[in-house]
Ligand SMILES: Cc1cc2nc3c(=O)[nH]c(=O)nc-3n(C[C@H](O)[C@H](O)[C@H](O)COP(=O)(O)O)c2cc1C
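Next up is one chain by itself, shown in C-alpha cells, the form predicted alone.
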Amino acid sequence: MGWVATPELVAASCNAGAFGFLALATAGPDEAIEMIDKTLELTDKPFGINFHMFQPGAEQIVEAVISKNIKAVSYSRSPTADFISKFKKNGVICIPTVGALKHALKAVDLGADALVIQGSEGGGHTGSTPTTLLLSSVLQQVEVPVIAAGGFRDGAGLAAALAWGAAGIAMGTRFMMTQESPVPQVTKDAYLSAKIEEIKITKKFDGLPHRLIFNKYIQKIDRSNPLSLLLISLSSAWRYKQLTESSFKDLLKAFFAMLRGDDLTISQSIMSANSPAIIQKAMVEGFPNEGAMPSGQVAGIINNIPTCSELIMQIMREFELSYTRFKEIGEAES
C-alpha cells in the first residue's frame, strides 16, 4: 500500500471505524515522520504504521512510533528482533503480515502480538496457500489473535472469516478503491475494469511472488530475460535512491538485510528494487499501462468506489444480515 495508505486514507478509514495502517515503506525518515504527524492531525482514533525494518531510516521511524505513542506496527520482510523487543517494551502492538505457516511461527517466536495472514488471493507480495487453508493451519499452531487477509471485500466475508476462527479481516485492495484513496481516477478505472483471470502472480517483477494486474507492461516484464530484468532493476534502484534520499551505504545495508532475512538470491535482492519506482508510475503518476498495479484477486469483482464511511457501513449491514442467516440456520438444525 505504499503511496496508497496515506494520512488522508488512513484517517478516513479510522474515523469510519476501521483500524488503518500508514504505509511508510516507500518514505524516507523525515517524510515518514511528517506523515505520522499529518495523520495525528486528521484523526484522534488509534492507527498503526507499516514499514520495512531494513529500510533506510528505520531507526528514526522506530523512535518516532514510540515517542508519538502510535498504537501498532505492521511489518513483513526481514523482521529485526531488537526493534520488536523495543516496541514491546514501550507498549506498541506488533502485528506482522505473513503468507506461510513457517513465517507465522517465526513471527510469533520473535514476539508478534497478533498476525495478519495473507492468502494467495491477496495483492502484492503473497504466498501460495489460499486464505482459508492458511488461516486454518495457522490457527492450529498459534495462540495469538489472527486476522485474515486475501479475498475480502464485504460483510459476508467478515462473517465467514469469524466463523473460520479469525479475529477479523484486513483489506488493502478494497480500501485502495475508495474515494479517499489518493490513487488517480484513471488507475482506479483500470482496477474496476480488471477481470479476476487478469490478476495473476509473477516472480519476474521483483524476485518474489507478486500478484498484479497483468497489463501490457507487466506482461512484458513477465516475458523478459535475466539481463533485461537486471537493467530494469538497476534503473529502478537509482530512482528509489532518489525517492527516499538514501545514500549508497543505506541501499547496500538494505540489500544485505534482504539477503539475510528473506532467503533471497543476489539476483532476487537486486530485482526487489524494481517494485517502488514502477508501482509509483501507475499508482501516483496515473499511467496504469506504464507501471505496476498490485492487486488482490478481489478487484475482479469490485464494481464501485465508495467513501470509507460508506464502505464500513455497508460491510456492517451485510455482516449483520449474514450473521442473522447463520444464526437462523443453526437454530433450525438444532
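Note that the structure is predicted; figures quoted are calculated from it, not measured. In case it trips you up, residue 1 is the first one in the sequence shown, and so on.
The discussion below concerns the form predicted in complex with the named molecule, not included here.
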Can you pick out, from 127, 124, 79, 157, the residue that has a heavy atom within 4.5 Å of the named molecule in the predicted complex?
124
Which residue, 308, 27, 64, 298, has a heavy atom that falls within 4.5 Å of the named molecule in the predicted complex?
298
Decide yes or no: are 50, 172 and 294 jointly within 4.5 Å of the named molecule in the predicted complex, with each residue judged by its heavy atoms?
yes
In the predicted complex, which of 201-209, 215-223, 82-90, 142-150 comes within 4.5 Å of the named molecule (heavy atoms)?
142-150
Test of understanding: in the predicted complex, would residue 283 fall inside 4.5 Å of the named molecule by heavy atoms?
yes
Would residue 7 sit within 4.5 Å of the named molecule in the predicted complex, counting heavy atoms only?
no
